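To begin, one chain is listed below as structure tokens, in the form predicted alone.
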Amino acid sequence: MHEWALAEAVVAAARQIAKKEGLKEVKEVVIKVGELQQVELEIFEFALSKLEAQGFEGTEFNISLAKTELQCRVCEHKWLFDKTNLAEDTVEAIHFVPEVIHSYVRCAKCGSPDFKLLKGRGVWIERLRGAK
């Protein structure tokens, strides 16, 4: 499961940041996950909770989704991805293979399927709070 590998990478990155900042204790790690990143958040949270023993006892891991922003290559219109009008199987297909989004989503202004993904992929530490 790649959620475990992501959790291990987040813990390793948090450890490096804490060391660089001279923190003796990490109290909170704020993590952003792109909406189209193919991450099962429950599994990711579970993995982080199990990895707390690696120097992060009592650390609060806060995870939130980063919305997906798209921009049409034809008319330059920008919009946020909204899955509420899509069928459940379509949402599932996009979750597992985000690249198929072009098959199901069109520009909200001109209807073109030719758009680029500006935001909505990746996993990153947005903030780390601790004590020196």
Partner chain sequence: MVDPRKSIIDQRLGKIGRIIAVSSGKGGVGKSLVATTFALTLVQKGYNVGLFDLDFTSPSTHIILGAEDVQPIEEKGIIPPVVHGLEYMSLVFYTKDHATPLRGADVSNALIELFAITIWSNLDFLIIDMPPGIGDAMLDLIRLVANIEFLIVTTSSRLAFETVKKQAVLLQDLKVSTIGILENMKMDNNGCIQAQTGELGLRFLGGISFDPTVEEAIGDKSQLLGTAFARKVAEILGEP
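Nothing here was measured: the structure is a model prediction, and the numbers come from that model. Numbering follows the first chain given and starts at 1.
What follows is about the form predicted in complex with its partner chain, which we do not show.
- Within this chain, Gly22 is remote from the site of its partner chain in the predicted complex, having no heavy atom within 4.5 Å.
- Contact check for Glu99: a non-hydrogen atom falls within 4.5 Å of its partner chain in the predicted complex.
- At a distance threshold of 4.5 angstroms between non-hydrogen atoms, Val123 is in contact with its partner chain in the predicted complex.
- Heavy atoms of Thr68 never reach within 4.5 Å of its partner chain in the predicted complex, leaving it off the interface.
- Just one of Lys78, Lys27, Lys83, Arg73 comes within 4.5 Å of its partner chain in the predicted complex, counting any heavy atom, and that one is Arg73.
- Of the residues in 7 to 37, those that come within 4.5 Å of its partner chain in the predicted complex through at least one heavy atom are, in sequence order, Glu8, Ala9, Val10, Ala12, Ala13, Gln16, Ile17, Gln37.
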